[in-house]
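One chain comes next, on its own, written out as structure tokens in the form predicted on its own.
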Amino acid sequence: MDDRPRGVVVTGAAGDLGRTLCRSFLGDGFAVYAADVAPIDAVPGLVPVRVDVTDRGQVLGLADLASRDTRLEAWVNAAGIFVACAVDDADEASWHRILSVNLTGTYHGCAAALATLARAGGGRIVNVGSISGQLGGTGVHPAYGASKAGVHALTKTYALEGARHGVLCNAVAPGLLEGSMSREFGDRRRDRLAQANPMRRLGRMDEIAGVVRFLAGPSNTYVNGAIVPVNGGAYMPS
């Protein structure tokens, strides 16, 4: 019997959603590998790992580390960057950087997770997409929506491949959330966006984390390849 602790990898662990996810997994007794380029304080059960998700070798090394010391069960690709700007002001350097982190970084994570979880007999991958990947949008660099649409398509590809290995792959597509990203819009625009939502408010990080935790957990036995909209009804894909 494998007596190692249950393990999970969370990339983007220094961000608002990443920190919320880490706390949630820790609360359930997981050993959490908290990966980010930003520093993260170590706490009992949490292993900070400095990882640039655009570097495939670093991501593969993270997978090796987590699977060596734990029974790795889940991998959450939450690393991402966001640039608020007028579409006409969008610059090429930001285009490449956003795609590199949000899309290529998720690709590296999916590849590392699938190989590692398949060897272990199965597991769960959850990617963080966005309503911007479903609807586009203004006031944000066009690379953001493009990268998240790519994350959604990537999720379906790894869902198809992973199913035969017992690895389910899904994504969440949040609307605008309370936190550092929404603050980039400024108070007036953020308030207008909140009031435009059917629920008249922004989402909370814990509301997204709850859906991620279901998709990443053992109670999810048949949801695969889904892009789950968590947006208060702002977009209801059929």
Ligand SMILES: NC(=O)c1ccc[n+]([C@@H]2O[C@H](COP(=O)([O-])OP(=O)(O)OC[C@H]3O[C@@H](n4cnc5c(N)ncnc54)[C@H](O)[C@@H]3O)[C@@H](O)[C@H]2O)c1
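Predicted, not measured: the structure shown is a model, and the values here were computed from it. Note that residue numbering follows the sequence shown and begins at 1.
Absent from the display: the form predicted in complex with the ligand. The rest refers to it.
The closest heavy atom approach of residue 124 to the ligand in the model of the complex falls outside 4.5 Å. In the model of the complex, the ligand sits within 4.5 Å of a heavy atom belonging to residue 14.
Proximity of residue 177 to the ligand in the model of the complex: non-hydrogen atoms within 4.5 Å are present. Not displayed here, the ligand is kept clear of residue 60 by more than 4.5 Å at the level of heavy atoms in the model of the complex. For the candidate set 146, 159, 101, 83, a heavy atom within 4.5 Å of the ligand in the model of the complex is found for exactly one residue, namely 101.
Among the residues 181, 194, 26, 211, the one placing a heavy atom within 4.5 Å of the ligand in the model of the complex is 181. Only one listed stretch (73 to 81, 113 to 121, 161 to 169, 87 to 95) carries heavy atoms within 4.5 Å of the ligand in the model of the complex, and that stretch is 73 to 81. Using a 4.5 Å heavy atom cutoff, 36, 54 and 205 all lie near the ligand in the model of the complex. With contact defined as any non-hydrogen atom lying within 4.5 angstroms of the ligand in the model of the complex, the stretch 212 to 238 contains no contacting residue.
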